[in-house]
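One chain comes next, on its own, written out as structure tokens in the form predicted alone.
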């Protein structure tokens, strides 16, 4: 791949100064591609921060049009865009920030029907979907295609994030062997809560792609912003997991 341009060096100068990142890390981001499943309250922030950091290519998957109830948290949507496509609004806003960014917009939600194709388009997946059939489809394809998966979620004032590395860590099906009945399509949330987990998820993607720091591999980070409590928990790999089977070493709870 070609080296960074003078324009890229100027835009990303301050993050290039980060120890352990440098121009090598920046070039890795520029040469990488990421799938963001849903660009709602969580995925909007993930996509925005990755675009700002200089990721080379984003695949955005989200069906439907902008509704008034989106506007308290979906930062890539606008009041003027009510009734228009979410992914088209997201693409427009991201290109305003980073015109060098390549974007593939897919006006579909992830499913068993399209997961193989969309995961195959990228180097890493960030899961921002609210429903488990979608999340399970991404997890399965990431394990099969050996693609890293950053899994993010929030509810009320709580959030969680973990990074799944196929062959090294437990997968999402180890954490949730079955679809949790309590998870719903609509739920209480502030934009600041989804934005917090979105920034953490974006940083995990940056770390995995660039080799910076230590990602949350096999570790679940949770928070409760009611009292600003953050916790880390080591995840346990299920030997009989229907998705990752015996492809990882057993962890400790």
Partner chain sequence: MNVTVEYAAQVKQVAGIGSESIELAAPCTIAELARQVAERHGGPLSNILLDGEGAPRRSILVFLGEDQVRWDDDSTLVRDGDTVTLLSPVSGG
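Worth saying up front: this structure is predicted, and the values here are computed from it rather than measured. Residue numbers count along the first chain shown, from 1.
One more form of this protein should be noted, the form predicted together with its partner chain, which is absent from this view; the next part is about it.
Heavy atoms of residue 153 reach within 4.5 Å of its partner chain in the model of the complex, making it an interface residue.
Its partner chain is not drawn, but in the model of the complex it has a heavy atom within 4.5 Å of residue 175. Put simply, residue 220 is close to its partner chain in the model of the complex: some heavy atom of it is within 4.5 Å. Residue 9 falls outside the set of residues with a heavy atom inside 4.5 Å of its partner chain in the model of the complex. Put simply, of 147, 73, 140, 93 only one has a heavy atom within 4.5 Å of its partner chain in the model of the complex, and it is 73. Contact annotation: of the candidates 88, 168, 116, 158, the single residue with a non-hydrogen atom within 4.5 angstroms of its partner chain in the model of the complex is 158. Just one listed stretch, out of 130-138, 117-125, 77-85, 104-112, contacts its partner chain in the model of the complex at the 4.5 Å heavy atom level, and that stretch is 130-138.
In the model of the complex, 40, 41, 42 are the residues of 13-46 with at least one heavy atom within 4.5 Å of its partner chain, listed from first to last.
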